[in-house]
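For reference, the chain that follows is the form predicted alone, supplied as structure tokens.
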């Protein structure tokens, strides 16, 4: 039976923890120190755990393999990605997309008709962000094709430093075509509600942990959750001051966030 969140006033006992992946549990092929043990401790508590990510540079399967190599205990069904949300939207609207995503992410769109595309879908695709491809997308949008952003992150953390996300390229197409993209990933409220849908709980019974003040924490809090910002990954000094309301909590890393949840929210 679906949970009627509208009838539930105020904050209730914590039932679910949503966890960002890149920058929160790991940066590329390096785990955040202590993150594996912290996740194991969290799993021993009476709380559901789900992993929510805007990562679009690789498929869910490849992402899962990367995390399992780093000794994280998680299953594919526990990961909810913006790629999954984008695929659902394409199926609902019966769009045939021009997919601006990396080859390693394309398997999550297997079976989607991409012949004679009538929609533009953009994720993180460094190899696709060239003038010719972006100009093709520009012309399609001018001719009426919808622009769908898997997410609009400004930047993300790599081993060699911060790197541009898809957001600047989406914004460029919005500016050039005078249209607004449909965004499906974080920080959209619908993304967080979808992520919670099979956990049987309301936003007021959930907390989100992530390294992106706007997309992770701000988005979750706008959806009615608590948000914990970690100072790892893409975090930069002062990020907690960029959103209103500010994060419920800002802490050094994922293990510290888990420690707070176990001591104060359960």
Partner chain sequence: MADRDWPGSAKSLKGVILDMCGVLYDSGEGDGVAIRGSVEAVKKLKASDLQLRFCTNETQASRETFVAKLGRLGFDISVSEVFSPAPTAVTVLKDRGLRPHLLVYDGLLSEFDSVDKTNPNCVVIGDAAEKFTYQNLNEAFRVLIGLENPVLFSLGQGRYYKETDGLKLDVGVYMKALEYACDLKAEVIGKPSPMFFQSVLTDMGLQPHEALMIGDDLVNDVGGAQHCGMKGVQVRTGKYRPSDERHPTVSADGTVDNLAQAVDMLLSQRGL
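Keep in mind the model is a prediction, meaning the values are calculated, not measured. Positions refer to the first chain, counted from 1.
Below, we turn to the form predicted together with the partner chain, even though it does not appear here.
Visitor: To verify the annotation, which of these, 104, 88, 190, 135, has a non-hydrogen atom within 4.5 Å of the partner chain in the predicted complex?
Guide: Flagged contact: 135.
Visitor: Work out which of 60, 214, 66, 41 lies within 4.5 Å of the partner chain in the predicted complex, going by heavy atoms.
Guide: By the 4.5 Å criterion, the partner-contacting residue is 214.
Visitor: Quick one: is residue 155 in contact with the partner chain in the predicted complex, heavy atoms, 4.5 Å cut-off?
Guide: Result yes; residue 155 sits at the interface with the partner chain in the predicted complex.
Visitor: Contact between residue 178 and the partner chain in the predicted complex at 4.5 Å, heavy atoms?
Guide: Within the cut-off, so yes.
Visitor: Look up in the predicted complex whether residue 167 has a non-hydrogen atom within 4.5 angstroms of the partner chain, and give yes or no.
Guide: Residue-level check for residue 167: yes, a contact with the partner chain.
Visitor: Is residue 116 part of the interface with the partner chain in the predicted complex - any heavy atom within 4.5 Å?
Guide: No, residue 116 stays farther than 4.5 Å from the partner chain in the predicted complex.
Visitor: Which is the contacting stretch out of 156 to 164, 104 to 112, 75 to 83, 88 to 96, given heavy atoms within 4.5 Å of the partner chain in the predicted complex?
Guide: Contact-bearing stretch, as computed: 156 to 164.
Visitor: Does anything in 225 to 244 come within 4.5 Å of the partner chain in the predicted complex by heavy atoms, and if so which residues, in order?
Guide: Residue within 4.5 Å: 236 only.
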